[in-house]
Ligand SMILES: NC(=O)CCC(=O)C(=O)O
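Given as structure tokens, the chain that follows is alone and in the form predicted on its own.
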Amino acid sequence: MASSTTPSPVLKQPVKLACVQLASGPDKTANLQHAASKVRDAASTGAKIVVLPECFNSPYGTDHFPSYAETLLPSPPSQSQSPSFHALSAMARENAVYLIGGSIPELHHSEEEDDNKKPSYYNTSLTFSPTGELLATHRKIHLFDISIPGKITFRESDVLSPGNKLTLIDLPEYGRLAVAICYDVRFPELATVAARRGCFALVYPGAFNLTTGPLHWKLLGQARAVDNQLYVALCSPARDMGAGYHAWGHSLVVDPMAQVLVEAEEKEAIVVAELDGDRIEEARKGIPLRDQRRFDVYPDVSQGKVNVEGL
């Protein structure tokens, strides 16, 4: 039965979102400086939400995660423990933007004092406020373990541990958004929970490759948007054929009707889109999925116990 009340808008006012598609080399300090320059460029477009790619401070690959990993807990870490944390905080503060800091490899030692216990590594995204405050931490939940014969084999789980929380972040001027990382986009349950808990956008820093990228990158962005009638942003590294891992590129923003608003090519670029709450409401009124779901036939995955970070 249709709802008799009008839902309040999930996006309070229009906002520009920028995806910064950049290439990263072996020099972490240079990567951080390069990212800072590109965040300034993104902010100069009027973007108030800026997104960096997955593993923006290092090369992507299981061989690189341990050597580039930084300690984030207890928070805030010192400059020596996590130069990337402090660089991201400064980028957000200096440009007065919400900064979704792609992801970085994280080193975590167990609280138990056991010299024989090995440290854990995570693929972790940090989101900062316009004043440079850490708002949320997302550890990649689904690890990229695939094997396509003759194409690509990759096993993040050889090095990384999975996170265990869905990350929803309140931006007071705008509303709520969700942050996840790359392979997380393939799991619609995360997106469904985020949408039903009031998010206006799903943001995925990700590094698809030359096999999975042309197959599914855009398709998955459009699928998560049309399923949930909200905006989806996918932010990739730029392609570097001299690196060990070849990213697909093609950072993009998709609207609530699954139309691609902007899309990069494979080289470095900044793509900017304006997100408007009216487009979310138009999609939901025209195709009223929210009022037509049959929870008498199937369960609502957004109900019950869900581990949430950021609220």
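The first residue of the sequence shown is number 1, and the count goes up from there. Since the model is a prediction, treat every value here as computed from it, not as a measurement.
Below, we turn to the form predicted together with the named molecule, even though it does not appear here.
Contact annotation: D255 falls outside 4.5 Å of the named molecule in the predicted complex, judged by heavy atom distances.
Contact check for F200: no non-hydrogen atom falls within 4.5 Å of the named molecule in the predicted complex. At the 4.5 Å threshold, heavy atoms of K140 reach the named molecule in the predicted complex.
When the named molecule is considered in the predicted complex, Y60 lines it closely, a heavy atom lying within 4.5 Å.
The contact residue chosen from T167, S84, N228, T212 relative to the named molecule in the predicted complex is T212, the criterion being a non-hydrogen atom within 4.5 angstroms. Only one of Y204, F128, F144, Y122 comes within 4.5 Å of the named molecule in the predicted complex through a heavy atom, and that residue is F144.
In short, of 89-97, 204-212, 167-175, 190-198 it is 204-212 that has heavy atoms within 4.5 Å of the named molecule in the predicted complex. Along 168-204, these residues reach a heavy atom to within 4.5 Å of the named molecule in the predicted complex: C182, Y183, R186.
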